[in-house]
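The structure tokens that follow cover one protein chain in two forms, given apart as structure 1 and structure 2.
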Structure 1
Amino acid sequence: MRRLVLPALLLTVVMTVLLGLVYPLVMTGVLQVAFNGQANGSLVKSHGAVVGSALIGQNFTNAKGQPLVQYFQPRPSAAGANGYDAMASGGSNLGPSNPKLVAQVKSAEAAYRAFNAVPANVKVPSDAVTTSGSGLDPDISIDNARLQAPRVARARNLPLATVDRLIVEATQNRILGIMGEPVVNVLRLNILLDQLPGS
């Protein structure tokens, strides 16, 4: 039996050093040099200051937690008590037939229609009223952005065409035209708005 215990102990030590220290630490060193921006979370700046990660959604609310009219709003979020808590990623996990889900979507739809003055005959895109899997989804659909555009243009005193142009600029198309879906990155779009002269 001792012939088997010793290799078990020693191999665990060797493998822990090789796979738990050498592999991640050497790779971190190499990748920090080769892909510094990506390895550190794709941080984005506005007016010289880091304002977030292009990959992680964030709230655009005032101190009371109410959505700000001058910014595009992300999807509803189940991460943390106020949403978009990057230390508490996760979804609502409500089942497809759960009455709570139905009620939540209904109230999100009503709030979205009121906030953006969407008339009853226009349908709301489902991404605007559903929580994502991570609670940190940085994107919204193009239709969702277009429905919010008039409200943002009004709040910023901008022509609608200018805002629509920025939506196109913040749209990420499918990779190689195939992979993923075309989506609008909310943080990038709001940074573009803030960087317009006179804002």
Structure 2
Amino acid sequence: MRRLVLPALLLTVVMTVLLGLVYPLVMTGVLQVAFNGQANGSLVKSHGAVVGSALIGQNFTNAKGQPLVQYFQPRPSAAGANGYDAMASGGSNLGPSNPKLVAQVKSAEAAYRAFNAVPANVKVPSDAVTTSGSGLDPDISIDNARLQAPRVARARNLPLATVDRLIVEATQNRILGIMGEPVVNVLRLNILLDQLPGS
């Protein structure tokens, strides 16, 4: 019996140390060296202070929760009471035929059109009026950004061409050139706006 138990205990201790301690420490060290930014949450800094993560969306609102006209607005979020709560990540779980979802989308579309002065004959992108599966999506479509650009340009007294150039700069292309669609990171775009001279 002792011949069976002793090797089993020894193997358990060795594997616990190897896979529970050594391997995680080695991987942490490699990732800190090779992918430091990603390993630490893809944090974004502005003027030396952390202002968010490139992987998690956030609201650009005033103290009353109203969207700020001088900033691009993110995709709506169903995560938490005010949105973008990483502790409450998740979608609304409402199906496409659910009357509540249909009403939410219609309401969001009306608010988007009014806020951005989008005429009735212009199609509103779906990401402007629907939430993502996680509720934390940091990106918007290029069409969404272009519809918001005139509002931002007016609010900041900027030429529309300048704002369009920043949209291009904040655009992330398809992964490996084939997966997904090009998207605009809202936090990065708003930081680029704030870094313009006179902002």
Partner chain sequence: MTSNDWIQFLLVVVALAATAPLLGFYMAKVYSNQKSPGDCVFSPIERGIYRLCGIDPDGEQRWRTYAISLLMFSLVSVVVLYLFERLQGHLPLNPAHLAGVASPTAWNTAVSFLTNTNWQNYSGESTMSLLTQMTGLTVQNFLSAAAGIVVAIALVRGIVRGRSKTIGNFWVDLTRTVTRILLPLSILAAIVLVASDVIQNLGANHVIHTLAGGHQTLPSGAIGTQEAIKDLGTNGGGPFNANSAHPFENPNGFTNLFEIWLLLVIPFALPFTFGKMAGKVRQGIAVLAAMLILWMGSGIAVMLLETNANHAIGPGVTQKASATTLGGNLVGKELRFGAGPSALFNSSATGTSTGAVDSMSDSYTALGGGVLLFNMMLGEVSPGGTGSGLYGMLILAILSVFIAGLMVGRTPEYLGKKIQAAEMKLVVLYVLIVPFAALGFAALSIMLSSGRASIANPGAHGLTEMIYAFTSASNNNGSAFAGFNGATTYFNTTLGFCMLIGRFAVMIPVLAIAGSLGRKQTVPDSAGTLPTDTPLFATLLTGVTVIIVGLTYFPVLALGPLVEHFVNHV
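Only the largest set of C-alpha atoms that superpose within 1.5 Å between the two forms is called the rigid core. Residue numbering: sequential along structure 1, first residue numbered 1. This structure is a prediction, so every number in the text was calculated from the model and none was measured.
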- Query: The form predicted in complex with its partner chain: 1 or 2?
  - Reply: 1
- Superposing on the rigid core, does the Cα of P182 end up 2 Å or more away between structure 1 and structure 2? no
- What Cα shift, in Å, does L11 show between structure 1 and structure 2 once the core is superposed? 8.4
